[in-house]
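First comes one chain, alone, set out as structure tokens in the form predicted on its own.
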Amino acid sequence: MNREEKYDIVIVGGGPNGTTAAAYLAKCGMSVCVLEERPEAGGSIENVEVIPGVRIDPHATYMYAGAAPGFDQLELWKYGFRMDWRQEKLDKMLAAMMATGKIHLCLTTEGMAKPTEKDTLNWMKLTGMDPSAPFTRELLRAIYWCPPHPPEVEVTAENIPYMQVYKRHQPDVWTEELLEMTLFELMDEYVESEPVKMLHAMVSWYSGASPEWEGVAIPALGGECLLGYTFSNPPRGGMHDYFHAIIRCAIAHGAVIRTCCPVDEIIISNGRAAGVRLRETAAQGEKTIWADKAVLSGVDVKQTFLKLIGRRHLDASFIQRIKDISLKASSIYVSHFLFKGRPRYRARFALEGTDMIPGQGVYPCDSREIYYEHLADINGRKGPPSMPVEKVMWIDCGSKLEIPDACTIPGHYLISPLYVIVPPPEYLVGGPEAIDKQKAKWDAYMREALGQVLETDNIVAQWSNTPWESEHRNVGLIGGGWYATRHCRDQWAENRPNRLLPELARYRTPIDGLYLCNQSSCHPGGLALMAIPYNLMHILIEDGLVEPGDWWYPSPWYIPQQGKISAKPR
């Protein structure tokens, strides 16, 4: 049996980043092979039928890719992707939410807090969601779907992409102080109600950068905008079906996707990434797979350099800097609740004149003092939740009514998922399994936390996964969370994964022909799907590896690197 194969590009990891990169490259006419360790590709975009008729999302549940160029560049509608993109639908939803005050569903310990007109109008001004002059997609593309500037370019307020967007659309918002602000400071300037500020802070925290971090006010706000951009237009079939469209696209263009094929080693020959060697347990006869042009690593930066590449190929100081990367971001304890009958708000949260099914709320939005107390668990005590259950902060992603096949049991409703931020397992006092050892206790805690807002007497089933379980279930979630590394200024844009490793900031590595394509290793990181493969395309074009067709267009804020081929079409 032939034990060797050769492709133009070999990609390690078949998650959303690796598979989307394969779709882009295969559409360029490249021969591509994707190698996935698990029995199913898709990474965190999986769907599990926990009991007949109930499907949950252990990880990804919301569409954070709505502004991506990849939808039209890869023509995903040809491969089964369906989502309602009509702007008038979003406009009507915003108008209705503004009229009822539900645009900011602020759940406090005293009940539902309504925003003021200033809260709503200034939030729409900052995010570009004013229907009369929208610029949200342009803002999101400027934050996420744009590669970092080349190293010879000094990054200033005049060339940071999102700053250019504000200068064009909201010049009175533009100020160099934006580059030093925390999200709290930004909210203090534009929003007057503390519960509304806390709503934005919480959603941003769960979607990316923490609201107290300096210098990332707009990227933090961008995380919330990623969610809000397609909030009313979820993809049909949820995120799992979104990935089905991606993988169909890759295969249709000729990419080879192989599962149950763990990679044991990235082969380095004469200082260049030349291919991979599969683990002996791989369900694949050809144990050595060569890459004629490049190897793309879709696994995290620590595994890439500390496990897949031998030390003899790397400088000792580089290895130490990889080891020094901090995973001290945050993780999430994920819960799912099945109700028999409609979930019900407790009396103090009911909205007059509505018959709304609960869901998609943040609690408690009282004040940032509660937030900082919760934060002390994450960054100070580094242990399981110590806050009283009536104050612990959580996000309820809502009933899955917009995804009908999520729950098909008559008379039952799925509230899924509910997130509570906890420390990364690697930093837990008592060891990474500390929470797991008392999982029944923490499941009850999460149920009681939800019970502060909802009547819970009709819950008939509950499922959960701790950060440690998430990390073992999905090896892409190092640190048990989306971002794994801190999404602060030191790791944003040109600095990602951090300032210790500037040689990795534009997806290249010290090894010729080896590129990074993983959410924790590259700008922008986390939930902005299709951003890393799209941004990486600019770099592969610069290096002369890829020549896309007329369907390709680069970011309007992209600056070519000196001495390289420009990714802008000739």
Partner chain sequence: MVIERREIFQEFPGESDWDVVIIGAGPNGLMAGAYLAKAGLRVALVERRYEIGGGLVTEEILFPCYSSNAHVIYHMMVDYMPVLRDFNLDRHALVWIKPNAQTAMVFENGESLVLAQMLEDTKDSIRKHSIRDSIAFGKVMRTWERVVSDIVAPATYVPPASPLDLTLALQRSEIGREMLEITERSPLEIITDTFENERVRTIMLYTSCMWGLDPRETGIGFFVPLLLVRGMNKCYCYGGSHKFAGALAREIVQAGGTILDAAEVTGILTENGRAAGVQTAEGRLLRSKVVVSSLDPKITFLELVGAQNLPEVLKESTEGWKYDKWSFNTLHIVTDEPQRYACDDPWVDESFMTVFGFENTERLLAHWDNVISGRIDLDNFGGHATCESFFDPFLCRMPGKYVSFFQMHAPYDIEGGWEVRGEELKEAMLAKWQRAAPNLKRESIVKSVCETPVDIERRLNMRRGSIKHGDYNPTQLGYFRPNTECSGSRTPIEGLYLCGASMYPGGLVLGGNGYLAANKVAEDLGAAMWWKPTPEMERYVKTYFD
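Positions refer to the first chain, counted from 1. Model, not experiment: these values are computed from the prediction.
As for the form predicted in complex with the partner chain, it is not shown, yet the points below apply to it.
- Exactly one of the stretches 521-529, 536-544, 30-38, 499-507 approaches the partner chain in the predicted complex with heavy atoms within 4.5 Å, and it is 30-38.
- 340 is the sole member of 340, 328, 118, 167 with a non-hydrogen atom within 4.5 Å of the partner chain in the predicted complex.
- A single residue from the set 374, 313, 149, 240 has any heavy atom within 4.5 angstroms of the partner chain in the predicted complex; that residue is 240.
- Contact with the partner chain in the predicted complex, defined as a heavy atom within 4.5 Å, is made by all three of 247, 284 and 410.
- For the chain shown alone, residue 174 is not a contact residue for the partner chain in the predicted complex, no non-hydrogen atom being within 4.5 angstroms.
- Within this chain, residue 260 lines the site of the partner chain in the predicted complex, having a heavy atom no more than 4.5 Å away.
- At a distance threshold of 4.5 angstroms between non-hydrogen atoms, residue 193 is out of contact with the partner chain in the predicted complex.
- The closest non-hydrogen atom of residue 252 lies within 4.5 Å of the partner chain in the predicted complex.
- Along 126-152, a non-hydrogen atom within 4.5 Å of the partner chain in the predicted complex is carried only by 137.
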